[in-house]
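Presented below, as structure tokens, is a lone chain in the form predicted on its own.
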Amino acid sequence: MSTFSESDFDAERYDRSRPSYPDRFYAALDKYHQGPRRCVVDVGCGPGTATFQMAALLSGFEQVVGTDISPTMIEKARSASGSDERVSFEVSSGNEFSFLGAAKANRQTLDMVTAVECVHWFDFASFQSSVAANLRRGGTFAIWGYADAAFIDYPELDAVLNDVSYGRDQLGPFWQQPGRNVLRGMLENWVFDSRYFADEQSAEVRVADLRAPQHLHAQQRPLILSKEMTVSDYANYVRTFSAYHTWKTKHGDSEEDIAERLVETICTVQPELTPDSKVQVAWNTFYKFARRV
């Protein structure tokens, strides 16, 4: 997605403000995977959020490689990589695996390929073909992501948060489509190509499920994404949107910052909240696992 690869995109804010994924989700992915654990490639890794978690939480992988088309994101990931020699990062597009070297690229040598909060920007048919060319028989293909946050204890603010993201006079016109709508739909119409993949396992969780007492079983699903933030923190999360970056490039300082205006609106609609008030934020989430046939 071109916006994230722009040199002035704030990868530091993205890393600080975006949610990470729960340990029990990686436990589910770990259990799903079968066979050798030599190398996992995390495509579209951004600043390495899931890449670092996989290195820590998936058992026994000898090599964990994150790739992203954005040099800015890869620079941020490399700066945070520390001393774990198993973890490395490469600037690469989603369909390109030449960084593996001629002896391994497109020779079905990988044990797992993941794509986290990015696959909605890809041509899925082409991406599956590239993954299939690099994933060994029985290897794991895993994609997951999230969209459309809500303050879980303040359903009356749903319309406010939705409006800033999608209102015609706010960020709505600045999303790259159809990618954003694909993500909002939790990739529900995207299916694995049966020529390459089988044994699919998938699930989604909506914020509405987490709010409803009769849907307590939703709380047991692996990918529950929730984070305590201040209202100002949430505004910084909005500033990580690709749509916000495009809006800011167009408007600059010619009008009030749209994220700051959101804070004012939230505190007006819900007067007991201040910019420093802590709220529990939750996201709609999905995941899809499959095995290479």
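Start at 1 with the first residue shown and count on from there. Everything quoted here is computed from the prediction, not taken from an experiment.
Below, we refer to the form predicted in complex with a small molecule, which is not included among the displayed structures.
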task: Classify residue 117 as contacting or not contacting the small molecule in the model of the complex by the rule of any non-hydrogen atom within 4.5 angstroms, answering yes or no.
output: yes
query: Any chance residue 246 has a heavy atom within 4.5 Å of the small molecule in the model of the complex?
result: no
message: If we define contact as a non-hydrogen atom of the residue within 4.5 angstroms of the partner, is residue 162 a contact of the small molecule in the model of the complex?
response: no
query: Should residue 13 be counted as a contact of the small molecule in the model of the complex, where contact means heavy atoms within 4.5 Å?
result: no
statement: Given 46-54, 253-261, 29-37, 229-237, the stretch touching the small molecule in the model of the complex at heavy atoms within 4.5 Å is 46-54
task: Kindly indicate whether 70, 73 and 93 are, all three, within 4.5 angstroms of the small molecule in the model of the complex, using heavy atoms.
output: yes
task: Quick one: from 175, 151, 192, 122, grab the residue that has a heavy atom within 4.5 Å of the small molecule in the model of the complex.
output: 122
